[in-house]
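Shown below, as structure tokens, is a lone chain in the form predicted alone; questions about how it binds or moves come after it.
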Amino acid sequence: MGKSLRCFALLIICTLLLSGCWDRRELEERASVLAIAIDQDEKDENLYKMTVQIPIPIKIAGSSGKGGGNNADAVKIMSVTGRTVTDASNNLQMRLNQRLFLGHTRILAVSEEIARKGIQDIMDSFRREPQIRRLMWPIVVKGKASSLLEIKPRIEPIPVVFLMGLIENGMKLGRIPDQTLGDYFNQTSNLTMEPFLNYVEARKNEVSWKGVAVFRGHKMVGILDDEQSWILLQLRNEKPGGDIVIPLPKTKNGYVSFRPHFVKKKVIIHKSSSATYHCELQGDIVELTEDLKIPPEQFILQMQALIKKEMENRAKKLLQQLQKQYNSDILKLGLILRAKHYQDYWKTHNWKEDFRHFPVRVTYTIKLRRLGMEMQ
């Protein structure tokens, strides 16, 4: 009797341990989508046009060990229309012999036309879809979003892989913000901040990052170019951004190029009535096109003052644009104000309207680490 019970218990345990495979599905039975592009349908403005990029595994790996195929064969691009994103997905499934799978999707491209009208209804479907990863990158595309999936970079067989490499390398260098779908959801559901997305332009064989698209709520209200976006990265995320090229005063065509490497920032809220950003940049002089013929000590002081003035002017223009023109707090200043002055300010004010008139000042401290090498 005891032996029979032990065998029965062992059978139950084995059954429970093996239950994880009950819903398994082979990879070959799925059509994995790497990128999705959403445009307005050209014939009917009430319809969305959804374009997807699906890799063809046998074309990428190559058949009979002969290596991979060319760019045109490695992926399949399909377009469908629908009243909603879900409706378009269902229409796409009707054209596939395999089950549509969105768990590997890394890029969501939205046309600028749609972004300016508002993307709340589009994002709602992605928020509710359990297959969608929150680390996916939503991107606003200048012109048609589908053009981003149709580029043919010659150094990668899959266009989306090229775009992912572009964003990942830019993030590591601190020049492109890491703005994921999860970040967008958090920022649109928080009263203390507004969202932004990366803004790119696609051409025939290449794609280039052009800055960030500024949102107020779910509507795109403007664009920051690359230099303005780098200021935003310094003040918001303590990322260095790209090289700063400044004309040299009292020269005809002289320029100095400063490459920041380290950033520190500190935000001081003055009695919940104004704010000051203190930002410290440490970096190198990487180019000087004019010989100023001054001692190194004097040169360092002169360059630090020149770069400081330039950065403070750029930051001032950025704040004027965000506050007066877009009224969008993508700096997350409201989050700091709420954390430090919740009782005396936040409960009695509407930050969505107050941000436009809130006094904000930025001061920079520049420290030159290296001046570069010169051949005598």
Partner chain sequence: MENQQRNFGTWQLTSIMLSSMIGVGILIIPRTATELLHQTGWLGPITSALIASVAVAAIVYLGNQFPGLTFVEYMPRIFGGAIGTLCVFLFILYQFLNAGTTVRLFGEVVVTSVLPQTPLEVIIITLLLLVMFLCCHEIEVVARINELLIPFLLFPSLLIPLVSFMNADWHNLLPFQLESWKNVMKTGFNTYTLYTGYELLMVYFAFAIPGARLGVASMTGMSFALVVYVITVVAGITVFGYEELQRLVWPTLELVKVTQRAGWFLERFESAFLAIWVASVFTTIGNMLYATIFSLRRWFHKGIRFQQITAIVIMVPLFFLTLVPQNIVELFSFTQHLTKVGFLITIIIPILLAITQFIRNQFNKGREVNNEK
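Positions refer to the first chain, counted from 1. Given the structure is predicted, the values throughout are model-derived calculations rather than measurements.
Same protein, other form: the form predicted together with its partner chain, not shown, and the subject of what follows.
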Partner contact for residue 56 in the predicted complex: its partner chain, 4.5 angstroms, heavy atom
no
Is residue 302 near its partner chain? Define near as a heavy atom within 4.5 Å, in the predicted complex.
no
Given that its partner chain is not shown alongside this chain, does residue 191 nevertheless sit within 4.5 Å of it in the predicted complex, heavy atom to heavy atom?
yes
Is residue 117 a contact residue for its partner chain in the predicted complex, using a 4.5 Å heavy atom cut-off?
no
Would all three of 169, 261 and 369 be in contact with its partner chain in the predicted complex, where contact means some heavy atom lies within 4.5 Å?
no
For its partner chain in the predicted complex, the stretch among 109-117, 134-142, 250-258, 208-216 with residues bearing a heavy atom within 4.5 Å is 134-142
In the predicted complex, the residue from 86, 186, 274, 282 that sits within 4.5 Å of its partner chain by heavy atoms
186
